[in-house]
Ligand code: HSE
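There is one chain below, alone, in C-alpha cells, taken in the form predicted on its own.
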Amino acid sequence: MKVKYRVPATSANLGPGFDSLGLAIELFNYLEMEEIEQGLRITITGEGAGELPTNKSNLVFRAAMAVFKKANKYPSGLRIIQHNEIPLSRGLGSSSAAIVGGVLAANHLIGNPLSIVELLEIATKLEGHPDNVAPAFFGGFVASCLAENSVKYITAHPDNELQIVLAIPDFQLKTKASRSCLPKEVPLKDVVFNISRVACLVGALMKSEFHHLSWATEDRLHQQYRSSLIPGLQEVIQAAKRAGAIASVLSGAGPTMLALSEKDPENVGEAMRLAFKRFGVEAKIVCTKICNNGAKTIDSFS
C-alpha cells in the first residue's frame, strides 16, 4: 500500500499569541509513504535535500514510528519520499509539517486505527507544543493550548482573500536560539497588553474582520527581544505597513517576516525586501494565502 500527503506551512504566534495561535499557509511539503518487504529507504528532494537525515533519525520516520507503537502495528519495511517546499528553520513550521505528514501517513498506511485527536497529541508531544501542528492538521486559524494532559483547540477558517506576504531571509534561525534571547520574566503591563491583543486578534480572524489586525497583532512579549537576532525586524514591519499591509509580524521564531494585506501584495513584498536589504539581509518574497484545508491526501506531487 502507498499513501501520499500534502501538508501546509504554518506561522505561529501571529504577534501577541505566543505559543498559542497559528495559521496554515499555502506553501507545502509533500510526502509519500509505502510499506516494503524490509528495511528503511528515505529520499528527500527540495528544501533540506542533502541536509536532512535519511536514516532512523529522520523526523518523518520518528513520527511514523510513534504511531506504529501507539497502534501496536508495524509494517515489514518502509519507503519514504519527501519533497519539501517549506524552508528549514525559518519560522514556517517545517518540523511540524514533517511530523504531521508522518503521523497521518503512518496511520493511513495501517488502516487508520488512531483518531485525529490521538494523532494530534502524538504530534504535539514530538513538537513540544501545538501552535504549529494544530493548523497543519486542520488548516485555517487555530488557537490551542495544553490542558489536563491533552490538547485543546478552536479552529476558524478566515476569508482567504486575505493575502499573505512572506519575506524569507537567506539565513536560518533555530527555535532554541530564538527562545534563548527571551527574558524569564516580563512586566505585568506587557502581559496585560498581549492578553488584550490576543482576545481581539482571535475575534478579528474568527469573524474575518481584518481591519482590526493593524493593532490586534501588536506584541510586547517576544518580537522586541528577538530583534537582536533578526537585523531590521522592526523596520520590515513598518515598511510593510507603509506599503499598504494591514499588519506585519515575525513568523513563529523567525527569521521570516509575515505581512497580511488585502491589496498589492507584490508592493508590500518589495518594501519588505528592501527594508531587509538595508540591513545587509537578502530575502526571498513569497505571496500566498491562508490554507483553509490543512493536511490532506493527494494523488501526486504535481
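Only a predicted model underlies this, so the values are computations on that prediction, with no experimental measurement involved. Residue positions are given as counts along the sequence shown, with the first one as 1.
Note that the form predicted together with this ligand isn't included here; everything after this is about it.
- This ligand in the predicted bound form is approached by Gly252, whose closest heavy atom lies within 4.5 angstroms of it.
- The shortest heavy atom separation between Arg179 and this ligand in the predicted bound form is within 4.5 Å.
- Looking at Glu127, you'd find a heavy atom of it within 4.5 angstroms of this ligand in the predicted bound form.
- Heavy atoms of Arg226 reach within 4.5 Å of this ligand in the predicted bound form, making it an interface residue.
- Site residues Asn29, Tyr30 and Ser94 are none of them in contact with this ligand in the predicted bound form, judged by any heavy atom within 4.5 Å.
- Interface residue among Asn160, Ser214, Asn194, Thr175 relative to this ligand in the predicted bound form, by the heavy atom within 4.5 Å criterion: Thr175.
- Applying a 4.5 Å heavy atom cutoff to this ligand in the predicted bound form picks out Ala12, Asn13, Phe18, Asp19 from 8-38, in order along the sequence.
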